[in-house]
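This document opens with one chain alone, in structure tokens, the form predicted on its own.
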């Protein structure tokens, strides 16, 4: 019974993390049909933001409540990053799912390499590039023939700005040595230490429910309630639901669909950052953290039904629980009456093999319900 309780609670906590990540993905995918392969990297950025906030507040009076400050910071950082991605890349690829998938996958690789190599020298070079390039475009935009020469201006100013930034950042690196050139995070993982009040666990018989996992479950419930309230009780939530159901009609009624897209992408990315805070409490954080969750998160969205909040909740709980129960071999003792069944479940009693079995079950499930547990209902013009 203790092992079953441990497996169910562990699965519920894993499902909570999946649900946190899937909330943002479900909103973005349901509204815009965009498969954002960088969503896992937004979780990674949220986890690294938690690490930075922890170190910044370590010797202050706020050290015991840094996790709440990290939640706000992670949401803001990843929301701004998501809005930048939507404005700079995704907006020009709507209606082209393959190009969007490849572009966001490229962004995910860039973000992974960014956290491995980011340093003061890198930041200085990036700032100089942005300052020179955007400043030059701003000055040239005053010309009456700017639209005619815009392509040439970008083609000339971008490599020129990059070359100047490379020279200046190299000079800074040689001048200040390791103080500038040493990466902030590097390729190794970093650890986030939970506050004292989140250490230990709640004893139930011979088993302890870890406070960190209880905190993640409570955080997930709060986010679900917040998303439900936002979508159903606010003006922007009404606009998002309207655009999700019928984009063309919403535009005809005066709803700014492009602004709705940007806001939705920002909220979805911010929720991924919050999920990253939860992930940082479960283990070491590295540049590959997001890749461990992105596939499972997509499975939650697909199984639950695109754009359905209740579907994501049920699917996340089911996938997380089944994965943990099978991976921890909690099923084996229950089917001990059959040596064949016991050997079968023991074969899948690892995290990787449990994931293989869950994916196989999902494939079979989608053969019977390809639209997920809670399919979209009603007529949509864009479908």
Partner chain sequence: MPNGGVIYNSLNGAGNVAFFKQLQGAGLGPDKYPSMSVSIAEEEVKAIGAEYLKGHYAAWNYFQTVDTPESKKFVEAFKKKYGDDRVVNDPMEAAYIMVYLWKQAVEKAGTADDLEKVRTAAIGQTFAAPEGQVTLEANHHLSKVVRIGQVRDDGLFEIVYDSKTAVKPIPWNQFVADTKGYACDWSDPAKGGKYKTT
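Positions refer to the first chain, counted from 1. The model shown is predicted, which means the values in this text are computed figures rather than measured ones.
Keep in mind the form predicted in complex with its partner chain is missing from the figure; the text below concerns it.
Asker: I'd like to know whether residue 280 contacts its partner chain in the predicted complex, with contact meaning heavy atoms within 4.5 angstroms.
Answerer: Residue 280: contacts its partner chain in the predicted complex.
Asker: Classify residue 237 as contacting or not contacting its partner chain in the predicted complex by the rule of any non-hydrogen atom within 4.5 angstroms, answering yes or no.
Answerer: The answer is no: residue 237 has no heavy atom within 4.5 Å of its partner chain.
Asker: So in the predicted complex, does residue 233 come within 4.5 Å of its partner chain, heavy atom to heavy atom?
Answerer: Flag for residue 233 set to no.
Asker: Since only the chain is shown here, I'm wondering whether residue 192 would be in contact with its partner chain in the predicted complex (any heavy atom pair within 4.5 Å).
Answerer: Yes.
Asker: Counting only non-hydrogen atoms, choose the one of 183-191, 95-103, 151-159, 252-260 that falls within 4.5 Å of its partner chain in the predicted complex.
Answerer: So the stretch in question is 183-191.
Asker: Tell me, which of 135, 200, 88, 226 has a heavy atom within 4.5 angstroms of its partner chain in the predicted complex?
Answerer: Result of the distance check: 200.
Asker: Could you tell me which one of 284, 141, 174, 248 places a heavy atom within 4.5 Å of its partner chain in the predicted complex?
Answerer: Of 284, 141, 174, 248, the residue with a heavy atom within 4.5 Å of its partner chain in the predicted complex is 284.
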